[in-house]
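Provided below as structure tokens are two forms of one protein chain, presented individually as structure 1 and structure 2.
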Structure 1
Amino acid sequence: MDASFFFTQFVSGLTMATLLFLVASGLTLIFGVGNVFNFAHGSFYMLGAYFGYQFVTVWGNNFWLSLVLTAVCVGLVGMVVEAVFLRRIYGRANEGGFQILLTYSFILIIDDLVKLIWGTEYKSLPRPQGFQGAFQAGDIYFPAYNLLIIAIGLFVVVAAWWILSRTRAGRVARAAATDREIVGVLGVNVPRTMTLVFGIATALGGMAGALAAPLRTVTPGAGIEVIIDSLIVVVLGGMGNFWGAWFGAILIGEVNAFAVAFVPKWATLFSFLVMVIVLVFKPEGLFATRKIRKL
């Protein structure tokens, strides 16, 4: 294995890890703060890809404006879904079962809406201007757009850490994750907090979809594949753990990148193999915040 091959696969793995993290971080944020399992989170990723395609088409390859508008629009859709539908089942008996059924129904609804609006043909997005080539370091070439995605992911990690640990909004969100009733007694508008968290989480998923669109085709049903990988990431890191999602995304991204290079026929197996190994030795996840009592 020469250095050029190693670094190429490493950057490819980090790119995939960043996209997975943006989706999984939103998924784990929703679960961590609201204890809501959003099975439809991958559909917001797909919706972001289509919004990105639409905005780029309208504004003539203005990628950055399209990316911002995509995140805002998908976040607003997520807020409507939480406020109008999910909020009605909070606190009910068998709430988890209702969550799975309701969010799964949104997978079908969003998929059909996408087909109705944009059709079933595959779409593609060009890479933004200035990031269509590659940077060279000696004999090694690094795709510029991949490096951009990695940089955006690092920015999101730092920004999320700062918001969650250094701001009042972040402290309220973490407190709501521990005890929503006490937070409500202290005068915090818990329903509004939940809606905002859901909007931020779905905006991250939509952003990931728009960022991934120039690397992959935009097609209906794209959310199913990404939600499976994202769930693996969340399970690896520990349900509701933001930093665990980051580490799990890097682990799965690199494992997939090198598995595709060496054993392409078995590449998809390795993500599940890593998850099984972790679940055997640490079933609560690598960075779980709560311990699970062993029977």
Structure 2
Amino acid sequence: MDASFFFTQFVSGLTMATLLFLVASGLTLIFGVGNVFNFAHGSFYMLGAYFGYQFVTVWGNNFWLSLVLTAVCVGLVGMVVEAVFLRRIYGRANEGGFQILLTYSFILIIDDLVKLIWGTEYKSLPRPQGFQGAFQAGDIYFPAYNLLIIAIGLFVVVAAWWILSRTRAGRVARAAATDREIVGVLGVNVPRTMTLVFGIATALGGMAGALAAPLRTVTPGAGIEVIIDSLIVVVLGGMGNFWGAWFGAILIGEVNAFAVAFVPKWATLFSFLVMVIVLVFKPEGLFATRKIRKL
């Protein structure tokens, strides 16, 4: 095992981790602020991939412009879904059950809509100009596009930190996460805050979908495939904790990368193993501050 292989494996783990984080961050944001587990979050990721395909491959737009447009469009779809449907079930008795039913039904609805509009054939999005090649160091290649994804992930982390801790909107969102009612009493328009947070979270998911499209397959059903790993990441980091999602994604990405290299036969087991260990010793998640109530 030489150092260069170790480094290559680390970087390929980071690529996976970043895409995982971009999906999981939205999932955890919605859970943190709205106390909603959005099963359909993966479907917004898939929608992002299809919007990206439509903007770039079909309409021939610039990749970067399309990425921004995709995030905005998916975010708008997310806001409509929140304002028209999810808002109706907040605060109901057995809210959890309604949430699961409603968000799960959106997986099926969005999947079928995608099938009606774009058909079932696999779609593809080329890598953007300037990022088709790879940096070469001796025998090893680092694909430029993968490095770009990692950089975008870092940018999102820094931007999110700045918004959540330094802006009024961020502080309101954090306050709403702690206590919806009190924040409402203080004059904040809580429903609007929730819609906005849902919009930002789904925009992140949509952007992740469009960013992943040049590396993955754009197909109906793609949303369900990312939701399980994202759920592991969110649980690991602590439900609703943004930094937890970041750390969880890197942990899962790297554990997976090195498990593949050293114990390929059992590689898929390891991310679940890490989750089980964390749940046994710190059931509230690594970064959570709220303690789980013991029965």
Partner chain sequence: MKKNVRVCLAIALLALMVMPMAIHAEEKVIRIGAMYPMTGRPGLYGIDSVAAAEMAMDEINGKGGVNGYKIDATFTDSKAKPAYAVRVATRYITEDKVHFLFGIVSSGVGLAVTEVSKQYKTIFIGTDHASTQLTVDKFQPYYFRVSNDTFSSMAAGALYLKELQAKKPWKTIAYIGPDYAYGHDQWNELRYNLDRFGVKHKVVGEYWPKLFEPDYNSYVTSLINDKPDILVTGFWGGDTVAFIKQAQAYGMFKKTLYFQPDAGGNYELMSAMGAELPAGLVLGARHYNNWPDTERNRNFVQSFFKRTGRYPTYAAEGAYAGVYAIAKAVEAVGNPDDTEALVKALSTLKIQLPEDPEGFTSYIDPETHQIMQMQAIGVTMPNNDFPPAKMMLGDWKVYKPEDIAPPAEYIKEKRK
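Counting starts at 1 and follows the sequence of structure 1. Note that the rigid core is defined as the largest set of C-alphas that superpose within 1.5 Å between two forms. Just so you know, these numbers come straight off a predicted model, no measurement behind them.
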| query | finding |
| --- | --- |
| Which of the two shown structures is the form predicted together with the partner chain | 2 |
| F247: Cα shift of 2 Å or greater between the two structures (core-aligned) | no |
| F258 C-alpha relocation of at least 2 Å between the two structures, rigid core basis | yes |
| Core-superposed comparison between the two structures, A267 Cα displacement 2 Å or beyond | yes |
